[in-house]
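The form predicted alone is given below as one chain in structure tokens.
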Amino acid sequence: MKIGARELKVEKRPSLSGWHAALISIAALLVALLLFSILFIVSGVDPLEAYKGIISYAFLNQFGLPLTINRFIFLLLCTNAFIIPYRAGLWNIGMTGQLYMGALAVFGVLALLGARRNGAVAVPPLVVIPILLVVAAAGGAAYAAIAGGLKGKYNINEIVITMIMNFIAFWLVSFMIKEGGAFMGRGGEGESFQLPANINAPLIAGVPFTLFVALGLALLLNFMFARTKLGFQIRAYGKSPAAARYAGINPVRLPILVFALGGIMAGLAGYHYFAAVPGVYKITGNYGYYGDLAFYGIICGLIAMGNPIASIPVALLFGGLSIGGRYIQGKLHMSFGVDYALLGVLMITLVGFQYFYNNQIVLKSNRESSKEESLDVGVHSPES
């Protein structure tokens, strides 16, 4: 495209700094909000009023902020459950099944300790809670490792396998918490028994302690990818499995390992939402909603470009907008699904803007363009 004596051209970026990536993401966010404003206008709602309500409720309101934090913790764990295999060039679409298995492992231990029968656990909380964290992580890891093993040993597509395993876990949860199931609650079918009050997950400064677990794990993952041998192996396998195999990296063990590590994160997400969120403390009847929400971890991971640190603000943004969108839907009497629609537009826009992570638009004079074309012809001509 020519502008006077200059011409707009699209070129490959030689590199992308963190600041440039942040600016591109902010631009994508503004475009997404502008596009979504059309829906507000069609519905007869002032977009500025709507966005003010979303932000104030999600991040400033005494009732909305705790909901945002809980949603953020869940999304951050699911995002990193995706990122770990993603850095190895593999796709973990099974966070839903893995978080269900982590939650089932937690309630299985509680059932063995008599929680369903007695409504309490005799073992001290300082002993039980760490055990629950471990079994949640182990449940998610063991389930995810199956997909990793099938991928590494038989090269079965991990996307297909993890999607199938999501359905298996979903119906297993349904069987366990409905009438006649081992974890059925006393109040009726469709929900598990409630976490005993004496082992409710502790709050630190008014927020679940899992917030610090999720943030700490994100920092630990960033260190692992940047500074450890394992991180190097994962990155090397992601760039070229054949070259990694030649360098001595086990092509069977590594997929199992990265999926198991991702499963740990997803299993902890299951513990968080069903055993650590105030007011829940059970596998609720709408557990499928949280399973669907886990898929946003994929989008957050892609937007964060597989960076565990960058995933923190992205997960917080998605968590806040989902909570604020649901609130504004009721307040302004809009149709159901405003929160999903808002996240969908944001998701599509952010993914679309990833084009600019690899390419840049530059304005060059016609002389510079002609010189580059001449050089390009000289390099590729037979005479050269």
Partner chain sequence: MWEFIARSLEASTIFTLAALGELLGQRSGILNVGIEGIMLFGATFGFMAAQNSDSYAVGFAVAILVGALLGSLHGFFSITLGVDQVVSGMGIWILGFGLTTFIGNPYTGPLGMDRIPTIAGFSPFFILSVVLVAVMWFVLAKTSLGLRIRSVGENPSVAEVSGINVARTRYMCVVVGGMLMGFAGAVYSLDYNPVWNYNFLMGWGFIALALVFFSLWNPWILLGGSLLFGFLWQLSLNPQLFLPGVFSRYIWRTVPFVITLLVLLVMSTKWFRAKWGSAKPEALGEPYVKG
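Quick caveat: nothing in here was measured; it's all calculated off a predicted structure. Positions refer to the first chain, counted from 1.
Just so it is clear, the following notes concern the form predicted in complex with its partner chain, a form of the same protein that is not shown.
Out of the listed residues Leu343, Leu67, Leu33, Leu316, Leu343 is the one that sits within 4.5 Å of its partner chain in the predicted bound form by at least one heavy atom. This chain is drawn without its partner chain; in the predicted bound form, the residue among Leu172, Met184, Ala111, Ile131 with a heavy atom within 4.5 Å of it is Leu172. For the candidate spot formed by Met163, Lys178 and Ile298, every residue has a non-hydrogen atom within 4.5 angstroms of its partner chain in the predicted bound form. Contact check for Gln354: a heavy atom falls within 4.5 Å of its partner chain in the predicted bound form. Under a 4.5 angstroms non-hydrogen atom cutoff, its partner chain in the predicted bound form has Ser43 among its neighbouring residues. Mapping the unseen interface onto this chain, Ala27 falls outside it, with no heavy atom inside 4.5 Å of its partner chain in the predicted bound form. Looking at Phe212, you'd find every heavy atom of it more than 4.5 angstroms from its partner chain in the predicted bound form. Partner contacts here mean any heavy atom within 4.5 Å of its partner chain in the predicted bound form, and among 258 to 266, 69 to 77, 308 to 316, 154 to 162 they occur only in 154 to 162.
Shown without its partner, the chain has Leu150 as the single residue in segment 125 to 152 with a non-hydrogen atom within 4.5 angstroms of its partner chain in the predicted bound form.
In the predicted bound form, the CA atoms of Val351 and Ile312 move apart by 3 angstroms or more relative to this form.
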